[in-house]
Ligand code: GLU
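Presented below, as structure tokens, is a lone chain in the form predicted alone.
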């Protein structure tokens, strides 16, 4: 069996917030419990929203919180040729087609297939590229959640009309390059898993094992995210943030808010049932701020 390799892959579109730190913590603790490697990958393909200031902020924050990767930090923008090679392989298989549909022209839900008659046709600049996903497998043997995927994705985009490679393709290739064996991430990304596994299967990659945990939500019930302007964490006081997470998880006899980050990490690592505690807290509706 391959050596355990996990990862945390924040997008460089803004500073880390409380939900980001929880996501990093869960994947980090899971790797430590399995005596494995833990990597950091910066998702920075969207050059309209990503910038170096955000990259530096994220890395400084993770360092302050004691999250030390087992290898050098990698960035998606260093892998454009790898994504292009994967796209070319899928094109050679006759799985891709150009799509001229705009977001405004499409109904909600899975892609209805307006451009499917273009399957196998030459890809065209300034048009999105979709993959024929008619034989996608929606079943996910998840390590954490019992939730299921309610509807198929339809033929999803693998390269955007603006020329950027889509998240699903890039992520699938990244896991292969980094030798990731376990992807432990928020349940908000559960729907992405079949799409990424489908691309891996098409490319002949071995799929990682997946686990999706409950995420933090705001008072309005929506997930904390950069898109909803979640407040950045104070990376100068990691103990206070870890103390807040421990209260949300209803933990007792914890280190104090002024304790060093490593003291907190050692404490969380000592909790063998750490992830079940998160699931339990979610069921008790305490993962809300």
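Numbering follows the first chain given and starts at 1. Bear in mind the structure is a predicted one, so any value in this text is a computation, not a measurement.
One more form of this protein should be noted, the form predicted together with the ligand, which is absent from this view; the next part is about it.
> If contact means any heavy atom within 4.5 Å, which of 185 to 193, 117 to 125, 149 to 157, 199 to 207 contacts the ligand in the predicted bound form?
That would be stretch 185 to 193.
> At 4.5 Å between heavy atoms, is residue 169 in contact with the ligand in the predicted bound form?
Because no heavy atom of residue 169 falls inside 4.5 Å of the ligand in the predicted bound form, the answer is no.
> Although the partner isn't part of this model, could you tell me whether residue 9 comes within 4.5 Å of the ligand in the predicted bound form, counting any heavy atom of the residue?
Within the cut-off, so yes.
> Can you tell me whether residue 54 touches the ligand? I mean in the predicted bound form, with a 4.5 angstroms heavy atom cut-off.
No, residue 54 sits far enough from the ligand in the predicted bound form that none of its heavy atoms falls within 4.5 Å.
> Examine residue 37 and determine whether its closest non-hydrogen atom to the ligand in the predicted bound form is within 4.5 angstroms.
Heavy-atom contact with the ligand at 4.5 Å: absent for residue 37.
> If we check the ligand in the predicted bound form, which of the residues in 22 to 49 reach within 4.5 angstroms of it by a non-hydrogen atom?
Sequence-ordered list: 41, 43.
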